[in-house]
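This document starts with one chain, in the form predicted alone, laid out as C-alpha cells.
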Amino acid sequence: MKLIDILDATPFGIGYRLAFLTNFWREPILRQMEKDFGIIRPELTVLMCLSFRDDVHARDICEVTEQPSNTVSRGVASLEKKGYLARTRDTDDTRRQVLRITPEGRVMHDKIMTRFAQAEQKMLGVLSKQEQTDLLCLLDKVARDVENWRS
C-alpha cells in the first residue's frame, strides 16, 4: 500500500486532505527556516501576527493562533533576544506588554514568507488559474465561518 492511498480511506476526506497538504507544504519550509535562520515555529507564528498589525499583546496572538500562552511567551522572549521584536508597557494596562516587530524582524519575516509563497505556487501548479481562484474562494468561505463551527 502506498501511503497516499490513505486519502481515500478516511471518513473525513476534506479535512484529512487539508492536513496532508499542509504537512507536505509547511514542514520542509519550517525545517529549512530553522536551519537557515534559526527561527522556529512559535517564533514564526509571532512574527506573522506582528507583521500584520502593530501594537499586539501576546494574548491576542494566542487567541488568533490557538497556541498556548507558554508557547507564545517563549516565542516572544526569543524574538526579543534576536532583535526581531520590541516590547513596551501598555499605557492602558501596565501589567500587559505591547509587542511590535522591528525592522530586522520585518526583513526576516519577508524572507520566510517568500519561501512559503514560492512553495505554494509550486504546490498549486497542477491547477489552472481558475481552479486556483475557485479553491481560494471556497477555502476563504470556510475560514471566515470558523466562529460558527469551531466549538
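Position 1 is the first residue in the sequence shown; the rest follow in order. Keep in mind that this is a model prediction, so the values were computed, not measured.
There is another form of the same protein, the form predicted in complex with another copy of the chain; it is not shown, and what comes next is about it.
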Of A86, A117, I40, V107, the only residue with a heavy atom within 4.5 Å of another copy of the chain in the model of the complex is A117
Considering R100, R96, K111, K122, which brings a non-hydrogen atom within 4.5 Å of another copy of the chain in the model of the complex? K122
Is there any non-hydrogen atom of C49 lying within 4.5 Å of another copy of the chain in the model of the complex? yes
Is the gap between R26 and another copy of the chain in the model of the complex 4.5 Å or less for some heavy atom pair? yes
Would E66 sit within 4.5 Å of another copy of the chain in the model of the complex, counting heavy atoms only? yes
With another copy of the chain taken in the model of the complex, which residues across 125 to 151 come within 4.5 angstroms through any non-hydrogen atom? V126, L127, E131, Q132, D134, L135, L136, L138, L139, D140, K141, V142, A143, R144, D145, V146, N148, W149, R150, S151
